[in-house]
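The chain that follows stands alone, in the form predicted on its own, written as structure tokens.
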Amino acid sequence: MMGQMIVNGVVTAALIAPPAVAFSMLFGILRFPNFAIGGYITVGVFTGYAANVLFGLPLWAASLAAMLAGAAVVWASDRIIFRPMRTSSPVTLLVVSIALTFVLEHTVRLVFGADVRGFDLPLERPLVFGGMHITRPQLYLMGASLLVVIVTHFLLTRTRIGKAMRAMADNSQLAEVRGIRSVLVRVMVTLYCGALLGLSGVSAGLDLVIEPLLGWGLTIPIIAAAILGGIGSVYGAMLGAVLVGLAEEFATLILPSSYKIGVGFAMITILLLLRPYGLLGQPEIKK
């Protein structure tokens, strides 16, 4: 039983790690918490669903379609909505992002309806390793998450644009003075994070059911992971995802499974009281 709970926790961590990374990257560059991530995930999962079920594409191709749709929607929302409001307070932008989530989710509901659905995948028995059960879609999910971790690490440490992203996240004004093109960096971040959120939609559709409120249901665990690791810290988001995933699973030992979402709230509350800047975050220096 313990082994199965660890496997389930790792699957949950793999599900929320990529969107938590995207949330932290967007915050680091755009400097406000973008709660529209739930809506972006919903767009991604329904794009993947349409590509897989309606157009008959294999799962990998549907994932690419979801990534393209996610990148387009995140970039467009930043270009049309958030960029003109760049001088507004973070609280104002936060409220606008929540409103955007509802707009995206209800637009999807209008187009596809509110029925519960799933991807067109063959029925297969779970794989069994030492008494622990895991399905092939869950293996796909974990593989996709591991690939995201590797690609993100390579992007941030080995490429010029990645180093520019890190510089912008540390100090945007100094980065601009040093000649970094801030507009290009913001565009690249929105496109990359949009692709991650689109892929996250497909991953969520594999592990859960596909319906318009899918993304909203994942918002709290994603934000909990980002805050736990240190909001704005990409590696902190990865660590936070693992901790939230395992904590949610082990919480079922003493709580009904319907209370799992409350674990995220509890972890956010405790961490903000004890270490407001997160496990890997840095305290803000005010002058």
Partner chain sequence: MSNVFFRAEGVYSGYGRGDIVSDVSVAVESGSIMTIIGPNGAGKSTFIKTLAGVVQRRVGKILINGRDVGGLPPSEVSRHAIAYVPQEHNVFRSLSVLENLEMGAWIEPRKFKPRLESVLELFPALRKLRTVRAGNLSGGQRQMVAFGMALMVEPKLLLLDEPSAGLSPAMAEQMFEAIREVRERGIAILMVEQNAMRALQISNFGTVMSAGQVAMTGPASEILSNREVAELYLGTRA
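Residue numbers count along the first chain shown, from 1. What you see is a predicted model, and the numbers here were worked out from it, not measured in a lab.
This protein has a second form, the form predicted in complex with the partner chain, left out of what is shown; the following refers to that one.
Here the chain stands alone, but in the model of the complex its contact with the partner chain, taken as any heavy atom within 4.5 Å, falls in 152-160 among 134-142, 118-126, 195-203, 152-160. At least one heavy atom of Gln173 is located within 4.5 Å of the partner chain in the model of the complex. Contact check for Gly130: no non-hydrogen atom falls within 4.5 Å of the partner chain in the model of the complex. Proximity of Ala76 to the partner chain in the model of the complex falls outside the 4.5 Å heavy atom cutoff. Within 4.5 Å of some heavy atom of the partner chain in the model of the complex lies at least one heavy atom of Leu184. Between the partner chain and the residues Ile180, Ile210, Ala71, Val148, the one pair within 4.5 Å by heavy atoms in the model of the complex involves Ile180.
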